[in-house]
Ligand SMILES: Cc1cc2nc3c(=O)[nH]c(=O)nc-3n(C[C@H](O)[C@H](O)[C@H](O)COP(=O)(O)OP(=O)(O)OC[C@H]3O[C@@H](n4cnc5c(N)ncnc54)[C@H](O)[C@@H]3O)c2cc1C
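Next up is one chain by itself, shown in structure tokens, the form predicted on its own.
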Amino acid sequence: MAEHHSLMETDVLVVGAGVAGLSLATALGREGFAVTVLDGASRPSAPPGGVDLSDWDFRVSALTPASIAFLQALGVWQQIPSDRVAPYDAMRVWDADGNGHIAFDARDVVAPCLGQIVENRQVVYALLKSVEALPRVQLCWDEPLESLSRAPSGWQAVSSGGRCWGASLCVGADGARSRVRQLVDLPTREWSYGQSAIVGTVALSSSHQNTCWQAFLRTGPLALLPLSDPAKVAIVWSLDEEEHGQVAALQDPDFLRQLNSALAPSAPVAVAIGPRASFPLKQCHAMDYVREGVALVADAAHSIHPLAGQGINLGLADVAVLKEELLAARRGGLLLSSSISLKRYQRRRKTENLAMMAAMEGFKRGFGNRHPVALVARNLGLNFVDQQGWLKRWFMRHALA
């Protein structure tokens, strides 16, 4: 390791320049806090603006109205090109093994849409432009975190290049394999789903109708998420490991045949696919999100099944609450590292995150169960909810909140 440089002091040190880290830096920087963001990667370049199959990000998210309102309040949403944002006003969910189905429509709750599908790199780049305009926020690229140690001012961080930072509060926004979480020894509960997800961009023979399509297959869920190009969707296809290896290895024509067979006859027909990628699915939850002078947000605290593209919404909600608690601490004359504020943050977020994780786990287990009784029960359940207007409206209002 290189020799240490002189110590640079900051109020809050954020590790990780993804959506959560940059949105926290923006939120705190706008309130006058001195913030330093470290990331081991290089600064991302502007995302492509083209609409070929290879011009779309593998990773997209379904942002809820609450997340969009938060990004609007930060002045970030306005920076995302409107031609890369896809509002969706309907969801179609069905059980491919039976006749159960459910349809959600924004008109039923008099909402303009149920959410917006956005490429993650578009959100990151819009945040980057916002952060770079803030005088008290410093971004440090190509600086992987090497060590964290207690210091009189709070924490001292050293990068693998030997640069040092001192901060009263250190925030881990560095993803599911969080280095911060590891260095301060915050234990997790984690398990593998025994599945991997295939992601990519698919061209359809017809419009996606501003609809999210979700099939629950015997081998795992398959989602089509509408992009701003009306004939293109992002796919997230979760498959048990054995099937995943076989499907991922298929040439494009065979892959498309398998995809259309899995979706038929309920969804539009796929006619072409761009580059594909796969990643293993794991669930991970930190038993505590905070330790003296340290807080975890987003995937560093909790990573969930990408079933509905909800991870980013939980992460942005973490950021919004942590910002509120740090502002309240400052107003009350408390240190930013105050355990009172950090424990309040943990209390406010843990319950909601655990509820969402339990719901995702319930979906995964309920639809993955091949027992005939479970099949009948879930199909009856889907159809029952579909027929109860009040119950569907309750689900949608909860999702929009």
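Start at 1 with the first residue shown and count on from there. The structure displayed is predicted, hence computed values, not measured ones.
FYI, the form predicted together with the named molecule isn't displayed, but the following is about it.
The candidate site formed by Ala17, Val60 and Ile312 is fully in contact with the named molecule in the predicted bound form, as each residue has a non-hydrogen atom within 4.5 angstroms of it. Put simply, of Pro81, Pro230, Pro144, Pro275 only one has a heavy atom within 4.5 Å of the named molecule in the predicted bound form, and it is Pro144. For the residues Val123, Val171, Ala298, Leu322, the 4.5 Å heavy atom test against the named molecule in the predicted bound form is passed only by Ala298. Judged by heavy atoms within 4.5 Å of the named molecule in the predicted bound form, the contact stretch among the candidates 34-42, 64-72, 47-55, 341-349 is 34-42. Among heavy atoms of Pro268, none comes within 4.5 Å of the named molecule in the predicted bound form. The closest non-hydrogen atom of Val236 lies within 4.5 Å of the named molecule in the predicted bound form.
Interface membership of Arg179, defined by any non-hydrogen atom within 4.5 Å of the named molecule in the predicted bound form, is confirmed. Using a 4.5 angstroms limit between non-hydrogen atoms, Gly175 touches the named molecule in the predicted bound form.
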